[in-house]
Ligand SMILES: CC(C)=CCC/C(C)=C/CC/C(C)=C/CC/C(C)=C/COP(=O)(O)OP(=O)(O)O
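Okay, so here's just one chain, in C-alpha cells, the form predicted alone.
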Amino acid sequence: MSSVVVRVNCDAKSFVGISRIGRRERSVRLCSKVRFGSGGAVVAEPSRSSEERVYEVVLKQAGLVREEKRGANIEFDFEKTIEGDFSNGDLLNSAYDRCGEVCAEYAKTFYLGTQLMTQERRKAIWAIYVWCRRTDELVDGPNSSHITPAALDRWEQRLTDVFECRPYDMFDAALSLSVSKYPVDIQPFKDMIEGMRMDLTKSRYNNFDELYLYCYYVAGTVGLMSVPVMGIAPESKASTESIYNAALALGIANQLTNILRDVGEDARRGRVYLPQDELAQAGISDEDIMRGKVTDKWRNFMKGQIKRARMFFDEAEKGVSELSSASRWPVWAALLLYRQILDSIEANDYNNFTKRAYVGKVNKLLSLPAAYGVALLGPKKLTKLFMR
C-alpha cells in the first residue's frame, strides 16, 4: 500500500493546491489505493430517453429515504498524519466552519437561507456545497487545463473512499460524516463527476435529450444530494418520488438558465450548449452564434428556450413547499433569483452574446423577504394575502 501526500486548497479562490484549515497548514496522508474506472454513471441508451434513465436514480434515492437505514455512529479510518495538535473533533469543526465561509462567499443568498436550518443540517449542506464546488473547479477552475480523464477517475475513487469513511482531508471528513447521517446515495455524486468528464470531451449537443442528460449530471444531481439533508415536511402528502423529481427539475431549470445566460461566453470558448437540431430548425448555425448578432431568428429561438426553462421552474415549485419548513427559504430564494435571470435576458432584447443577464442587488434584497414569505405561507397563500 503506497502513501501519497495530497494538499487541497481551502482558500475560497481555489480548491486544488494547498490545504488550509483555519490559519495553519495541515498535511493529510493518504493510504488508500487509487483505482480507475468511471463507476455506474447514468449513460446513454438509444432505446430510452434521458428522462427515463435519470428517473431511475430519483427512484433509488427516494427508496433510501423510506428505508431510513443510515446511522450516525461511525468511526473514521483516517490512516493519515495530521500536522498539529488538534483532535479529530476540532478538525471537523474547523472544516465545517470553512465550508460555511466558502458557501457564504460564493452563494451568499443561499448561505443566508441556510441559517434557518438546524445546525446539523446546515453543516451537512455546506459540506455538500463545497464538494460540488471542488468538483466543478476541476474543469472550470484555474488548473482546468491540466485536468485529464484519469484525474477525474482518481477523484471518483476518492469519492468512494469518502462514502466508505476513508476521507483524504478534513473537507472530505466533513462530507463523510454528513452523508453517514442522512439517506444520501453516492450515485448523484458520481454522476456529477460524469458531467465533468463530458465537459472535457463534448462541446455540442445534438438534441435536447442529450442536453437534458448533461444538465442532470452537472446540476440536477445537486437536488438529489440535498433533499435527504433538507428533509421532507412531516405533514407532506406528496410522494417522495415527486418531491425528488421537483428537486431534479430545479437543477435542470438552473442549468438551462446558466446556459442561456452564458451563450456568448461559452461561444468564445468554442462551446455551444444549445440543441443543434433546434438551432437548425430555427435557421441558426454555429457560425451565427460565434458572430453574436441578435436577429429576429435568434429572438424567436430564445423565446422557446426560455419558455422551456420556465416550465422546469414551474415543475420545481411543486416540490419546494413539501420540504421541511426550516429548509424551504434557501431553495425558494435560489428559485426566485434564477427565474429573474430569464427576465433579464428578455430585458436585454435577447442579447446574451455581449450582455450578461444578472439580478441587481436591489432585486436580490427584495427577493429574500419574498422567498421567506413563500417559504412560510406557500405561493398560493402569499398571493391571496397580497390580493386582499
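Here the structure is a predicted model, which means the values were calculated and not measured. In this text, residue numbers run from 1 along the sequence as written.
Beyond the structure shown, there is the form predicted in complex with the named molecule, which is absent from this document and is the topic of what follows.
Specify the contacting stretch among 204-212, 258-266, 278-286, 301-309, defined as having any heavy atom within 4.5 Å of the named molecule in the predicted complex.
Looking at the partner contacts, the answer comes out as 258-266.
Can you pick the one in M230, L177, V102, L274 that has a heavy atom within 4.5 Å of the named molecule in the predicted complex?
Only one listed residue qualifies here, and that residue is M230.
Quick one: of T135, S226, T114, S94, which gets a non-hydrogen atom within 4.5 angstroms of the named molecule in the predicted complex?
Answer to the contact question: S226.
Looking in the predicted complex, any heavy atom of V58 within 4.5 Å of the named molecule?
The answer is no: V58 has no heavy atom within 4.5 Å of the named molecule.
I'd like to know whether G195 contacts the named molecule in the predicted complex, with contact meaning heavy atoms within 4.5 angstroms.
Taking the distances in the predicted complex, the answer for G195 is no, it never comes within 4.5 Å of the named molecule.
Taking heavy atoms only, is Y350 within 4.5 angstroms of the named molecule in the predicted complex?
Flag for Y350 set to no.
Within a 4.5 Å heavy atom cut-off, is A247 in contact with the named molecule in the predicted complex?
Contact with the named molecule, yes.
Check all three, Q340, A370 and G373, heavy atom within 4.5 Å of the named molecule in the predicted complex
Verified in the predicted complex; spot residues all out of contact, no.
Give, in sequence order, every residue of 312-340 that has a heavy atom within 4.5 Å of the named molecule in the predicted complex, or say none if there are no such residues.
Sequence-ordered list: A316, G319, V320, L323, V331, Y338.
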